[in-house]
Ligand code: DGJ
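Okay, so here's just one chain, in structure tokens, the form predicted alone.
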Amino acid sequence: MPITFDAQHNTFKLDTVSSSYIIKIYEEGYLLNLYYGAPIPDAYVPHREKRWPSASFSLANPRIGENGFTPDTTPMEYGCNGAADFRISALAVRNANGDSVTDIRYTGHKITAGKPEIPGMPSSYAADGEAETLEIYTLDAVTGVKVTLYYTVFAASGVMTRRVRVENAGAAACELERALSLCVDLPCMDYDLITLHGRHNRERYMERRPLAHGLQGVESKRGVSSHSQNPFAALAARGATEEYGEVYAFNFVYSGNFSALAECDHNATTRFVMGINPTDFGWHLEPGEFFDAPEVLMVYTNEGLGGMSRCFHRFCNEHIIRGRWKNEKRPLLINSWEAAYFDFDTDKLVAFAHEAKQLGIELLVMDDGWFGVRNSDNCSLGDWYVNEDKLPGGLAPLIERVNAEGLKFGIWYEPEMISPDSDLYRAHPDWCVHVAGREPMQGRRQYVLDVSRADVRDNIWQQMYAVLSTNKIDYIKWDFNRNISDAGSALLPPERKKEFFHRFILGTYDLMNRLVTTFPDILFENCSGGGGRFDPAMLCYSPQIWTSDNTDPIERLPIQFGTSLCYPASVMGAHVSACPRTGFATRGNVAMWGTFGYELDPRKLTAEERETAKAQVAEYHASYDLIRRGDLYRLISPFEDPHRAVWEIVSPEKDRAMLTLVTMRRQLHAHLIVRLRGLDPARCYKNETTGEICSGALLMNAGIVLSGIAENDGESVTVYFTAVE
């Protein structure tokens, strides 16, 4: 059983193929974290419950032990505010008396098969027999607040999930000020903190820095998970590499404001917490009400960053992505945005479809500009009716003609936004996100719609449904093109104003859930100015996310390498564009490490580019399963080598491998030998380019020579290896 309770030591043990996690019920109901790391057979780690050297004036419960028990230096399972644990807290509840001292103690537990859902929120899921869940019940005896700690173990996947429910079981209202989803205390601080930072067109660049005493980490308070920081963090042992060394990694299944923080104390121990950012957060709980915090995915591996990534990739593909397009082959698309921007009509789109069909493309996506009177980004968001000046007769004649060319049809939406110059805003100016007495800031000449309101969501959904239910739409791109300022809702009373950010995200989830349940056959792709909302929660609704608006293949390399730390190729939207920086072949080789598609005017391709595109389409079909199901190995990273990037994808059966080299900047007289990874050392593999046959052992230990191949700036090569009997 992946979850066991040892009555002798009062410990819970949670086991996966790659990790063990031990929780102890200590005296007076304190919950301690005894162990998290590589698998061990033991259910008890005695030295972890011993008192550590005190900090400055550490306070103690004198009823426990000879010298008392102090939460300040003990590995607490879920650190609380104000009750003698002075490290960063995971929970703070302000009670009716006005104080925020919070002290939860164990009252009971339950172990069940499977995994419960979180009401109104996305989370991972499990089929029968794939997971077990531990619920630990705790109580703050003074306030009556009950806290349930949830742990789900996906034993075969090497992943555990954590979340929390806080219930007001007292007689008076209380205010939840902090409710983080995870708290882990580790016995040392010899780790590097790895995070993913960025901006628009430069998302998810990897940053690695050693932990120091005090508090460090990343946060977002932009209303979304954001371009600036991704809700992912890892603690990697000093010296851990792609293939070797301990890594603890965490990914937050949430799309709003978040915190991921590590605190190192005077004992050189580390507390790591992750959850909703407490800044501008609060939740009013009347007696009987409860609050569910979002879920965190946890991975431990001693196989380095590569082992961590492959674990996250498999888990995402199997336990996050769902619906028809989880396993069904997705159509190869071309998007109109970089080909036409707002300048299109029915005839131009049909001409795109005609040319795209000759290349083997299967889906045409009409991007921004089809609705209201929208010919630029300064109007019409919120008016989701067809602009018949551009598209005479509406969508039906256009779709009919595109389908007649042999292509499916897709459409762009930005449902959470409203333009000041729109019919919707003129009718309902109070529907934008704002606070009384202040004119809200504009971004991209638009406001954010207050989707925390049910009436606003209903209006937007009715407009979307009118289009989607009467037209043959095969694909939707859902965009979100600004951050949230002036955060407030006209409907929230003063005591609930701090609930706005979370209620907004819940409103977004409600709209997306309506879409995927009402139209389950539509292929749904998320976007937020590219990768500004690239998180596991979005992937619970859409099986792919537009990785970045930056389609320059050289600029894409660090973006895709960073994204791959925790997200698989199957979810990374990647297109061949008209970017002149490299040849057409390199644009395809980079985009192939993703969902693959095109973002250009197919009428403008040269004869040579057309033939290359046809070859890329054939490669897409031949390698579809390998890329989406395969194990990724980052062999040479652009974060470490300024000259080249090399990656490899190996099929789960180890019968096929794909190796790609891209030269970013030429290095004169360079001799390059690359050792492959992940092959079967006992099998032989044929190099499909040269015909040479070598053992997997040779390819992984002696490597292959890539000198003299794709040496110039912007050149690239992809080599396939196939197992032979």
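When you see a residue number, it is the position in the sequence shown, counting from 1. All figures in this text were calculated on a predicted structure; none of them were measured in a lab.
Although it is not shown, the form predicted together with this ligand is what the next lines describe.
This chain is drawn without this ligand; in the model of the complex, the residue among K477, H434, R162, R533 with a heavy atom within 4.5 Å of it is K477.
Residue D367 is the only one of E263, D72, D103, D367 with a heavy atom lying within 4.5 Å of this ligand in the model of the complex. The shortest heavy atom separation between H621 and this ligand in the model of the complex exceeds 4.5 Å. Although the partner is absent from this view, F312 stays clear of this ligand in the model of the complex, with no non-hydrogen atom inside 4.5 angstroms. This ligand is not shown here, and in the model of the complex it never comes within 4.5 Å of any heavy atom of A90. Under a 4.5 angstroms non-hydrogen atom cutoff, this ligand in the model of the complex has G529 among its neighbouring residues. Shown alone, this chain has one stretch from 118-126, 367-375, 251-259, 214-222 that lies within 4.5 Å of this ligand in the model of the complex by heavy atoms: 367-375. For the partner-free chain shown, nothing in 168-199 comes within 4.5 angstroms of this ligand in the model of the complex, judged by any non-hydrogen atom.
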